[in-house]
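One chain follows as structure tokens, the form predicted alone.
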Amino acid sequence: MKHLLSLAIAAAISTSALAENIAIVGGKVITQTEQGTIETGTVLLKDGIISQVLEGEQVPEGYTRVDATGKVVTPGFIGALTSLGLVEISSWAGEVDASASQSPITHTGAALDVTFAINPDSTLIDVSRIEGVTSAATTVQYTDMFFHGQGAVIGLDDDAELLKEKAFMVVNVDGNAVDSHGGSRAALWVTLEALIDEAKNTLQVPNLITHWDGINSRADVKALRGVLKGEMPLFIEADRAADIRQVLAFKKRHPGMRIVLLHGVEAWRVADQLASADIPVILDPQLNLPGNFGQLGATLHNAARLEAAGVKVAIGMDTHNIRLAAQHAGNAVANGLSYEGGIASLTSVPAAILGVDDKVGSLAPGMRADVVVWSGDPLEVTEAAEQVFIEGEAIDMTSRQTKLRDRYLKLSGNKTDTTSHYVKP
């Protein structure tokens, strides 16, 4: 069956005119819209967007048929938080764009802008997209500064198309950040409030023409204005329940800001409060053992308990592992998260959090044609993405990893004899 699908894809892309019009027919279609799940449906891709999602098997004239019978069709998955395009080997001694240190233009890191650093030729993009991830939020991962700059959302096509710049900002308030900013939460939170208040006090002075000697640089203040106005969500990383309660208090003090909890290992302990404050959570549901004293409440039931309280849950992981997002969502479902919540955590929820739900995250007319055809249930580890479409084009389903696999699978003939020839005296 997979071979037949490959032949169909090859036929679809062999003629450029036909490649613009593709009908994915006969699969179980999970739309993430009011249409819900269509047991046997057709998804029409035209000129890089979804033109229609229909029940039954319908192939209009001018469309090339791709048979998805017995398969599952979903929106492309979204990496809710990564450093894709910014890092290749994080431990490399040379420059790594996922790390940043202080520079004359920024004092607090708010002004950093990852759009200048994204490399569409990163091999990690191929690794991620053949596993069904078609877009991703990307940002600086390591910095001694307070903020991690202005993150972006990119498509995982060959050009790493920018779907949204200045999409979010990250600040860390857990134990690791405390060590770098005063050694105590008593210092860290006072610093955060001072930075926010300083930027807020400049809202009536758009160009900062007068002499400036603030804690933030001028560029930092300009970047923070988007956060203050609610145009750019602030992702606050915290694990222990006490820190998350401080995040909730911060939201009360600044109701106009859009706050997203990041990591949230003990978020389940304050799930009701997070739901009441309308604070979504981006987490790794696999964290079930404490890595430090701020994670003593780690549990595989975190996502399920948050969902039960009404919290929107998205799944995010480190760059090299975002390809495992579907597996992690499946494990969360196995530990109580609803199946619908598992799919939403990879599609519609991160799209809404990042403000790109008008482009990606669902299968609906007018949406970007990022579509994945799966061999079966995408949350089952035994199933796989058989074909990924990005902007309506079938991508090459190879990566550095698959090439290495194929290279060593084909080794044959004379092989070095590694048997020891040592003879005991």
Partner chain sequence: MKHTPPKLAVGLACLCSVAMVACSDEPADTQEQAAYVSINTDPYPSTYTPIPGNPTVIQNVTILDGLGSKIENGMIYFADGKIMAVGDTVSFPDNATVIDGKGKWVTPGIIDNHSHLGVYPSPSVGSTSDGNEMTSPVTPGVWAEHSVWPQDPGFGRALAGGVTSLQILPGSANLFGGRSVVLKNVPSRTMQDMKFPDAPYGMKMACGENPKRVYGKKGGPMTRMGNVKGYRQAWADTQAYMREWEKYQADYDAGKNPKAPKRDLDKDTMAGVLNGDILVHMHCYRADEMVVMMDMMKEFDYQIASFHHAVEGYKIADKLAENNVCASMWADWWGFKLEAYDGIRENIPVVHQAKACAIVHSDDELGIQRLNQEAAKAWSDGRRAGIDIPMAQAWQWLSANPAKSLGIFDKTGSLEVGKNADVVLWTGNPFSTYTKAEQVYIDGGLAFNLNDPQSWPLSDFEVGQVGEGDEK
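All of these numbers come straight from a predicted model, not from anything done at the bench. Numbering follows the first chain given and starts at 1.
Below, we refer to the form predicted together with its partner chain, which is not included among the displayed structures.
For residue 308, no non-hydrogen atom is located within 4.5 Å of its partner chain in the model of the complex, even though that partner is not displayed. Its partner chain is not shown here, but in the model of the complex it comes within 4.5 Å of a heavy atom of residue 289. Interface membership of residue 124, defined by any non-hydrogen atom within 4.5 Å of its partner chain in the model of the complex, is confirmed. Contact between residue 147 and its partner chain in the model of the complex is not found at the 4.5 Å heavy atom cutoff. Using a 4.5 angstroms heavy atom cutoff to its partner chain in the model of the complex, all of 89, 266 and 379 count as contacting. Taking 355, 214, 330, 233 one by one, only a single residue has any non-hydrogen atom within 4.5 Å of its partner chain in the model of the complex, and it is 330. Contact annotation: of the candidates 312, 254, 323, 225, the single residue with a non-hydrogen atom within 4.5 angstroms of its partner chain in the model of the complex is 323. Comment: 395 to 403 is the region of 395 to 403, 24 to 32, 359 to 367, 48 to 56 lying near its partner chain in the model of the complex, near meaning a non-hydrogen atom within 4.5 Å. Residues 289, 290, 291, 292, 293, 296, 297, 298, 299, 300, 301 are the ones in 289 to 303 with at least one heavy atom within 4.5 Å of its partner chain in the model of the complex, listed in sequence order.
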